[in-house]
Structures are given as C-alpha cells and as structure tokens.
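Only one chain is included here, represented as structure tokens and corresponding to the form predicted on its own.
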C-alpha cells in the first residue's frame, strides 16, 4: 500500500463514524482552543502593562526620601526630608553624560472649581523638564515658562480627565480655575495617557510649577520635595546611573561611610521585571490547566483507537492476507489518530482565536495572537495523535492474520 492509499483508507474509516470521531476529537478541540485563548489574553495583558509602564516616562529612575534615624529610632521610608529640588539640579548638571532630564515632584491635592463645576484631583508641582521626563506632550496651549517657575506663578496645565469634568463645553486654555479659593490660569491641556500599570488615571491631574505648589498650596518655606524623576538616555545606563546618583546624593547630604542612605532609588526595570514575572507565571499556570484538556483528549483518542482495532480485527486480518505488511497497518492507524488530532487542532485554533477576539471586544481587553503560538498549538495537537495513537497502531500491526480472520 502506498502512502496515498493508506491516507485514503484512514480518512474513510474516520468518515464512517462521524459522530464518534467528533466526540473523540472534542478533547483536542477544547484543549487547543483554551491554550490559544489563554496565551492570547496573557500576552495581550503583558503588552498592555508594558505600554502603560513605558507611558510613565523614558528610562526612569525614581528617587524617594528614605528613612531617618534619630536616637536609634528609624522613622521608616519617607521620614527623611533631605531630598530637594537642588539635588535634582545637581544630578542633571553633574551626570549629564547619563541623565537626559530631571524633574522634582511636589504632591498636593484639592478641589478644583470652574463656575458651577468642581472636581477633586491631585496637583503635581514639577519643573520645566517634566514633559521630557514623562514623555508627555501638550494637546493644546503651552507649558509654563522658566519665569513662571522662578516667580511661583499661579499657572497650570491640566489632564484630559480634569478638562472633561471642569470644562465639558469650553476650551480650558486661558480660563481660570480655583484651587483652595486661589485662582490658577490654565495654560493648556496635556495629551491623554490613560491609566498606568497601577490602575491610576494619569489624566486626572493638574500640573503646576513646583515652586507654586510648595509656596502657595503647601504654604511651606522648606525646599524638600516628594520625589525626583530622572530620565536617562539609555535603559542600559540604569545600573551605572544608580551608582553615580547614590554617590552624588550621599555627598550632597554629607553622609559618612557608616550612615545609611537617606533616600531610596527605584528604576522601571524592577517594576517591569516584577510585572513580567507575575504575568508569565499566571500564563504558565493557566496554560498548564488548559493542557490537561489536551491530555484527556489524547487519552480519548487512544481509547477510541483501541476500540477501533478490536472492531476491525477481521478487516486487519483480511488486509494482511492480501499483502498488507505490519508497517502498513501501523502507519494506517497512526494516520487515523493523527487525522483526528490534526482536524481537532485546526478546529480548536479557529475556536480559540475567535474566543479570544470575542473576549477582547466584550471586555475591552487587549488580545495578542502570534503566529508562533498558533503553529506550536497545531504541531502539539499532531504530536498528541502520534503519541497516543502509536500503541493502538502497534497492537494492530502485531495481530496474527489467521487469528484475525477467525475473530467473530
């Protein structure tokens, strides 16, 4: 028997029992569909999180106030008040071979009011380099100037969420809103960035000069800031930059060798690696659960093939009697098992892709279906047919043709 004849006989045997063949392939269909859907949703979620992290800025290092040790008592993280805007200026000046831009962040909050509309939001005091550090752009209007920063002028730019709630029908540019009963002139509106990886709305913010927030809203005469955002030229420079930033800040804060840092450094690669490891672990766990269906489907194929060998014992004996070799019988039954699993794999891939896209549309969830995942799933389904179909095929090829012809 040639290969084409063997394939033809195998497909004819499958077609004779359509319902049983479909039920046999059902485990493969469900398993492959589940794997495709889980991988597509998992990769889409990972891509979304990475894009949200990237939206926070270019190659960022964040510097936070550290703990303070006074009389043997540690105040905990953020207890130190030594981090200042001048530290950021020193970093930008002395490490300009690594650092692209630096901005201090001074946080506050309050109720913003425009005519009859009001909106409670966060107010961030920043420097002129904020847009470059955060990789943000103005949608309309302009950013504040160096003169505004030096004078602590009551000017601001607002995010899309604030603009939509305070100025639903007006162009905010040039209008004045009130924060704690103090007027602030709106210079423009930032482009929309959406939510970040922590789920916070990045557009729900008001940006003003840090000098204004510190003096006008916080009524503070101190120079401390809540954090420094440092943007580097390259992601590869992060380890060297962290070392040099730490050394410079220790020198500026006059810390001796036995004194702990009074600041904390955090870079985006740590957040990226943490989120990446979590999403990878979840994808592995969900894929492992979905793979159980493939195992069950493979066992179903083996079971049905063993039943088929028993039912077709006389047919096997007759084929051997007219010249079919044991290898022909082996190849025939392996071909049947592969056909069942391959067809099931194709149907499973189609259902998995359609299911993932449906979930993406209904839940507004990003879906990423890669060619590699589809090809691997399809090849895996074919491999299941070979693996679980081999024993029934081997058993059929070892039957004695005389005993087969006597079988009732």
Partner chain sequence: MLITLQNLFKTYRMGDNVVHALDDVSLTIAAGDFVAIMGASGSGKSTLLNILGCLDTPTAGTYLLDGVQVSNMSRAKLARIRNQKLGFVFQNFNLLARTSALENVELPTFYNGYMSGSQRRKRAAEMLDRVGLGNRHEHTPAQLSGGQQQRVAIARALMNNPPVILADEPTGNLDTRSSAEIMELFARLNQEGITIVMVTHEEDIAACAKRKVMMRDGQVVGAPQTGNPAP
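Being a predicted model, the structure only gives us computed values, none of them experimental. Numbering follows the first chain given and starts at 1.
Below, we turn to the form predicted in complex with the partner chain, even though it does not appear here.
Only one of 267, 148, 315, 237 comes within 4.5 Å of the partner chain in the predicted bound form by heavy atoms, so just point that one out.
Filtering the options by heavy-atom distance leaves 315.
Tell me, out of 326, 174, 194, 109, which residue has a non-hydrogen atom within 4.5 angstroms of the partner chain in the predicted bound form.
When the partner chain is considered in the predicted bound form, the option within 4.5 Å is 326.
Answer for residue 257 alone: is it within 4.5 Å of the partner chain in the predicted bound form, judged on heavy atom distances?
No - in the predicted bound form, heavy atoms of residue 257 and the partner chain never come within 4.5 Å of each other.
Check whether residue 21 has any heavy atom within 4.5 Å of a heavy atom of the partner chain in the predicted bound form, and answer yes or no.
Heavy-atom contact with the partner chain at 4.5 Å: absent for residue 21.
Considering only heavy atoms, tell me if residue 9 and the partner chain come within 4.5 Å of each other in the predicted bound form.
The answer is yes: residue 9 has a heavy atom within 4.5 Å of the partner chain.
So in the predicted bound form, does residue 319 come within 4.5 Å of the partner chain, heavy atom to heavy atom?
Residue-level check for residue 319: yes, a contact with the partner chain.
Would all three of 332, 397 and 402 be in contact with the partner chain in the predicted bound form, where contact means some heavy atom lies within 4.5 Å?
Checked in the predicted bound form: all three residues contact the partner chain.
Heavy atoms within 4.5 Å of the partner chain in the predicted bound form: which of the stretches 307 to 315, 160 to 168, 257 to 265, 200 to 208 has them?
Of the options given, it is 307 to 315.
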